[in-house]
Every structure is written in C-alpha cells, then in structure tokens.
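In the structure tokens that follow, a single protein chain appears in two forms: structure 1, then structure 2.
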Structure 1
C-alpha cells in the first residue's frame, strides 16, 4: 500500500511540475511580448496615477515600560513592508484615551520598530496606533504625504515598579561592600588594632607647614575646582582642617582661594573651627578664605598671579583638578614652593607627580581623614574598603577566566548596560 501511494504521489507531483513549468514559460513569453508592446502606455499611466499609500505597520503590541517610575508605555510594531525599500519617511505614533480623538504623541524614524511614550499617565488606559508616512516630492516641488495606519492596539495603562530588576548585580556588589565596611567599623569600635601603611604625602604636611613658619611666608591651600557635591572636595576639607590646625598653632598665614561659593562657606567654617580648636580663634581672619571665580582658567590665572607675586613657601592642591593642574603646579614649582598635591582625577595625576614634591594618588586622598585622625571607626572603614577591593579582584579574575574559556553568558552577570 505504502509503496503504491508513494508512486502515486510522485506521479502526481511530476504532472504538477510539468504544468507549473509550462505555465511559467507561457507567462514569461506573454510578459516579454506585452512589455515590448505596451511599455510607453505603462509609463504614461504611471505618471498620471497618484502613488499608492505605503504598506501599513503590522503586529502592534503595547506594554508598560519595565523598571521605571510609571508614566511610560512601550509601543512596538513590525515595520511596513515598504520600509525595506526606503519607501517610508517616518512613523507617527497616535494615542487615544476613553474613546476620544487620536492625537500625535511622537514620531519614530524609518527603520525603528519601537517608541517609548513617556507622557502616559498611570490613571488612564490608552489605545495606540502607528502611522507609516511616506513623503514623496511632487511634480511642482511640493511634498506629497502618503499615510497608512496600523490597527488600533489593545488598551493599556502604565505603572511604576517597586524594583529595577536590571540593577540586581549592583545591589549585590554594594551590599557586599557595605557589609565589609560596617563589619570592620564594628570590629575597630570593639578595640581591635588596625594597621595603616605610611602615606608620605600626609606625613609631609607637618614638615611643609613648619617650613612656611621658618621662612615667614604664606601657605596656599587650593581645594580644587569642583563643588561640595564632589567627594574629593569633602576629603579636601578634611585635610584643610589639619593644615589649618598646624597653621594656627605656628601662627602662619594660611590662604584658601576657592572657585565655588559653597566650598568657600565650608572652608571658612573648617578653618575657623580649627583655629578655635588649637586655642587661636583671634588669629583667624575672614579674608583668609576668599572666592575668586567659577571659571576654570580664570581661577588658574588668579592663583598663578598670587603665587608669582607673593611667593608662598608651601602650596597644597587637594581635591578635583582638571586641565589647570599643570598650569598651577608648574608655576608653583618655578616659584620654589614646596608642593603637596592630592587628587582622584586619573588624567591629572601624572602632572602633579611631575611638578609636586608629594602626591596623594586617588584613594590616598580619601584615606586622609582616617590617617590624620587615627579614629578607629574611620580606620575600620578603610580596612573594609580593602576587603571590597579584594572581592573585586576575585571578580575580575573570574571574569577573565570566563571570557578566556568562552563562557559569555556568566560574564554578562557583571554588565550594567543592556
């Protein structure tokens, strides 16, 4: 039975193929003949008839945009069939709520199959449709706009999420780091002795202030060009406190030219407190801490001028610096001042290392408050930070091994961007 069936089938298919081939041959011959005959006519018709509307976008889907604070809906569609042949200029996204008129919410470029409507509200349900728009130049220079629209989507409303699931990895790493830091702070509080290595730049602070006192010259303290929202500036204020205490003790003039108003306010407070602490509140003058300008190079120019004219014995550069770092440090170097710098701006470190006597590199700046105060809680946080670094080193090693052996999926765990 089975064999006969096959035979029948193959016979039938052979007949089919023959018919198909024959009809194709006929069609080809006919079309070639017809083309020869009516080509001019077709051209004439083409030029008269208005171009057809583009194919509409299909498969429109809508969903609430995930991992957001609400108010956003993601609309996706399958591209118009004419998009592949550059027949589409753009897509227009239309929205309607409670049976009202459709209004435009935005436009997407040709080739884009997604749009995020960020102007939705969580209280209302919306229906969407997408218009494929084709803009063709007309005969007399005008633009002919042809549109076709998709079907209307299901109704949908947006909502906010309680957790951004893309950030699980960041949460885990942060939790590990915070755990280490808090754990070691706890251990330090319970009286455990913690070792901290010597930081040359901070050891030299006393010597540098002493030198200014011996020479009877000023000390300049430059706290960088960033505002108080930068942690480097906060770290800088800590070191300023220590420098101001020493300057107060030795009765040496400490001058703090700043480039941000909020830094000025903070620095004034820090210096005043330091002078009071060492029992010299009268030695503090309001004009010791003064504002120059917010402009980066205006600030550099002003400090350079002060350095050249007043030739301070010691200059501190602590905080966030940019291209002005070398302009400041070279001028200070030429004036013969002893210079101590500290920054966490990687690009400026080479400049400071070249032109200054001591440089606090990156995390050494943040370690300054713990180092100078020897306060157990702060030392504990440093130790925790070191363990965090150890964890990151292990993660890097695992990542390198995974990449080397081609296990891509696992290494993606560490990725924060989609």
Structure 2
C-alpha cells in the first residue's frame, strides 16, 4: 500500500509542475501582449505632453502690388500642411530690411495665403518670412505656442505704377466720348444742321416773355439758392441770358432776386450784356438784379411776398432748389403766373412738375445753353455726349446678354490681362 501511495504522489507532483509551467507561460504571453497594447497609449500621452511644431508654410513669393501708388508689397505662401486639420491658429508675417532683425508687420488668419504690406517704403528692399502659429491649451490652463517658419523670400522693393489696368474701361469710355464730341463739333462747324429734339420748356420761353409783355407785368427769374460753384447755377445763367435778350427786345421789366453775392454780380453782367446785344443798353437798370438774403426760407418768403404783391405774369425757376421749391411754385401758381422750372435735384422735380406749366428735367437744364445759342461747339458737344451714352448703353446690354447666356470667355481674357 505504501508504494502505491508514493507513486500517486509522484504523479500528482508532475502534474502540478506542468500546470505551473503552463501558467508561467500564459503570464509571460499576457504581459507581452499587455505591454504592446500600452505602448501606443504611452506614446500618445508623451506626444500630448511634448507636442510637435506645426508644418511650416512653403512656396513664399513676394511682388510689388500692381496698380497702386507705391508703398505696398503683396506676400503669398502655400498653407501649412497642418492648416487643413485646424492645427494652425494664424500666420505671422515678418519683415527684414538691410540685414536688420526681422520684425512683425502683420498677421493673417488660418486658411489665408496672402497678406498686403501697406507700410513698405519705395526706397528700401525688404525680405519676408511667414510663421505658422499653433496655440494649444496646456494642462495648467496656460497656452502653449508652437511656431514654424518658412524660408526667407528674395529681396524686393515697391514702386508706383504709371497706369492702373483696372481702369481700362474708363479709358475706353473716355476715348469714345471724346471721339464723338470732336466728330460732331467738326460737323457743326462745317455748316451741317444737327438735329436736337425740341425741349418744351425752352420752346415756351418766347411765349412766356411775350405774355408778360402783353399784360404789362414783370418777369421774375429765380436762379436757385446755390452759389456759382454749382453747375446748375451756371446753366441757369445761360438761360437767364436768353430771357434777358427777349425782355430787352420787348422792353419788359425783368427782375432777378438772388441769395448769393457772387450770383448777383454774375447775373448783373449777364443781363447787362443781353440788353446790349439787342441794342437796348439804356433799358438796363442796376436794381433789376438785387440781393435778398442768404437764408433759405427767408429767401423763399421774400420772393413769395413779392409775387403776392406784384403778381408777375411769368416766373422762371432755374437752378438748384431744396425744400423751398414747393413753397415758391405753389405761391406762383396761386397768383396765376405762367411758370417754367428747371432743376437737376430729383427730390424737387415732382413739386415743379405738379405746380409749374413746364419743367426742364435733369440734363435738359444743362442742354439749354446749346439749345438756345445754337453755337457749333456746344451743339457738337451735346450731340457727341448723346452718342457716347448710346454706345455705353449698348456695351452694357451686350455684357448683360453674355453673362445671361453663360458666355464668359471675355471675362477670362480680361482677368488674364490684369
């Protein structure tokens, strides 16, 4: 019995040893596997603790900004490889002059590959480099700033350009207008009769002056409330000359109340010259043109008082008017006078159209000088401007059609030229 028990114990010992060895083998394999699984996590932790710098910008190019007056350089670069993954916070542009230290001249947001340095001097050459900035929050709440820089650019200097290629369209339009104006002036000088459409308000000037002559009443001429630096006042003086000629010829009293001293001096000379032109210099009186006040509504009130008391047969409103236009026109209409108005102020046109018998709208006021004088240079200029505007309108319509039907090759050609 003892031998059998010993054998059994020996057998159990071998089994236990085998199990122990197998267990040690499993533990070794498990430890190796666990080590392999932990290593990537360890590496990730290490990478967070010690982050790498972002990829630098590449392909930096610099050039003098075109179509400017100098003092400007354009810097372009290829974005950092980390820009697409939101790893870049911004780009910092650094500049160096004559071997000095690099200094910051500006910043560009992430995703931007261009910067305009508008503080360059035409007398110096500059080198540029671009820094990619990455800002990462640290474990303690601080911000970790990581940078990488591009290569240094070639030296460059800025200069002013003589010609702005972006304004080629203005040059073309100007050339077209000048051509038509000169062409029609030459035709007018050669004796050709140029057709100018009739302007009702100017055609009625003779009728209005004749009505005042028949009634034996005054003519009031109001040249607006602006000074002689306004083109509408200048156009008004031209029409005043024609009205004064008719008034002098018919020996009708013409009264010109003004609200600017320079306009008063000019109007006196215009009226005096008109009376002399028709051979009636003795009919001119200095008090025909007189000053009232510079105040806008004081001027309107004074004219209204004169209209109510003297009840003129004809009133002309020619020039720049503002809020007083309706006050003047309504008072004149109530007095029964025939009224002819002209202005280029869009907000006042409805009042004149409503209360006056005739109204010169916008450019009709400026065309009055050519229309009344029939002078070849003025007629040719007026006709040439009309044709030039027609050519511009046709060009706009062609452009709209090309864009509407998707024919955009022309725009590509112009972009290449620029």
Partner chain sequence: MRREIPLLITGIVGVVFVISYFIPHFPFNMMDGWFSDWFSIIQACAIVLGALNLLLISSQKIIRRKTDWGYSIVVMATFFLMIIAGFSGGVEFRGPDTTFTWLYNFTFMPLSSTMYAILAFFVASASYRAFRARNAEATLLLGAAFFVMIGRVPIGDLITGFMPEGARLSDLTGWIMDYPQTAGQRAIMIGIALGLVSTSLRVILGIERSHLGGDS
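Under this definition, the rigid core comprises the largest set of C-alpha atoms superposing within 1.5 Å between the forms. Residue numbers count along the first chain shown, from 1. Because the structure is predicted, anything quoted here is derived from the model rather than measured.
Which number, 1 or 2, marks the form predicted on its own?
Looking at both copies of the chain, structure 2 is the one that matches the description.
Once you line up the core, how about residue 298: does its CA shift reach 2 Å between structure 1 and structure 2?
After core superposition, the displacement of the residue 298 C-alpha between structure 1 and structure 2 stays below 2 Å, so no.
Aligned on the rigid core, do the two forms place the Cα of residue 122 2 Å or more apart, comparing between structure 1 and structure 2?
The answer is yes, as the C-alpha of residue 122 shifts between structure 1 and structure 2 by 2 Å or more after core alignment.
Does the distance between the two CA positions of residue 177 reach 2 Å or more between structure 1 and structure 2, the core being superposed?
Residue 177: C-alpha displaced by 2 Å or more between structure 1 and structure 2.
Cα shift of residue 187 between structure 1 and structure 2 after core superposition, in Å?
Here the C-alpha difference is 4.0 Å.
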